[in-house]
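Consider the single chain below, provided in structure tokens and representing the form predicted on its own.
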Amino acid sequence: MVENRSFQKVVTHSSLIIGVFIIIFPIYIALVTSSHEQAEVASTVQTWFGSAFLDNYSTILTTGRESTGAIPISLMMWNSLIMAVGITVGKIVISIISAYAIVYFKFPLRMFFFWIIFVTLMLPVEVRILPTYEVVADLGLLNSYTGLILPLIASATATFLFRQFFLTIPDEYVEAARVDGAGPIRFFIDILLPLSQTSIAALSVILFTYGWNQYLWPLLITTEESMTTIVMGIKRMIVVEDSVPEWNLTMATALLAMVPPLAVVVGMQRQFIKGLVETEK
């Protein structure tokens, strides 16, 4: 038994080490590449750090480059951050209010409306892209943060998850709130929101990453260079005409694009796991 357990531990840890290496190695290559001059990167694959690390990052953060409209990467990251935060907050607010109404208010056809919301899971942005673009254009929201955020803040998935969570809350909570004279708004703010903190935290991590990685929608509705997002910027740096991509700057941009989602995941790791596996009822 001891030998078998030892063998299982060796296999398990070896598998983990191999998996970590597979994930980390491309990031390491990108980091090394971002520290070299373009001529060095074009000549051969670099496996150790160069001397242009600070210069490359300073260039893309402060001045940008021609293939991306010569705008700083810091501005692109700011645009992506506003979009990601707006989508995250919007989706959570709308979804939790919708789920609250469906679970705790008795009105005609409430389950019909819930299933209508749920059916929209089969209609991703790509399917409804043309009518959505027309509405946004008619409202004059092209090249604006509102246009980037508003069409993406409805979430059937988050509504479904909040509804399922609310259904697990004992009815005694509602009865106790009524005895204390709490109305629907006070019950929602004082009881449901605190109980939903872990679920909100878990969804925030997922939705922030979703908003940060958006590419198609920003590509369609933004024509001004100042509204370029970081994912759009990386794509423009890779696809260049009549020239070789500056892989050192492209890799630096890709690494910077990883920082905000990584910070959110690491910073909210405990809340994320707790929100998926535990409740606070």
Partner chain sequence: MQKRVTFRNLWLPYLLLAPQVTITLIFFIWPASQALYQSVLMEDAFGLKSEFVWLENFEAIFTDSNYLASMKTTAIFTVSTTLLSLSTSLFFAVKADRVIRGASVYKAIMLWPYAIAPAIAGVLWLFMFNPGNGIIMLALEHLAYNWNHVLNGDQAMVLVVIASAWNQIAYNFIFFLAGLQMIQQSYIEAAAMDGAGPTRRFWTIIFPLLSPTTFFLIVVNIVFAFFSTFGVIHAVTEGGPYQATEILVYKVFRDGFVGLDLGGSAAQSVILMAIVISLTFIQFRYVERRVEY
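Numbering follows the first chain given and starts at 1. Heads up, when I say rigid core I mean the largest set of C-alphas that superpose within 1.5 Å between the two forms. In this text, all values refer to a predicted model and were calculated from it rather than measured experimentally.
There is another form of this protein, the form predicted together with the partner chain, and it is not shown here; the text below is about that form.
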message: I have 98, 103 and 150 flagged as a candidate spot, so tell me whether each of them has a non-hydrogen atom within 4.5 Å of the partner chain in the predicted bound form.
response: yes
field: Heavy atom of residue 271 within 4.5 Å of the partner chain in the predicted bound form
entry: no
query: Does the partner chain get within 4.5 angstroms of any non-hydrogen atom of residue 199 in the predicted bound form?
result: no
task: Determine whether any heavy atom of residue 184 comes within 4.5 Å of a heavy atom of the partner chain in the predicted bound form, and answer yes or no.
output: yes
field: Exercise: residue 189 in contact with the partner chain in the predicted bound form, heavy atom 4.5 Å
entry: no
Candidate from 82, 89, 154, 193 lying within 4.5 Å of the partner chain in the predicted bound form - any heavy atom: 154
- request: Quick one: name the residues from 202 to 224 with any non-hydrogen atom within 4.5 angstroms of the partner chain in the predicted bound form.
  value: 206, 209, 213, 215, 216, 219, 220
task: With both forms fitted on the core, give yes or no for whether the Cα of residue 128 moves by 2 angstroms or more between this form and the one not shown.
output: yes
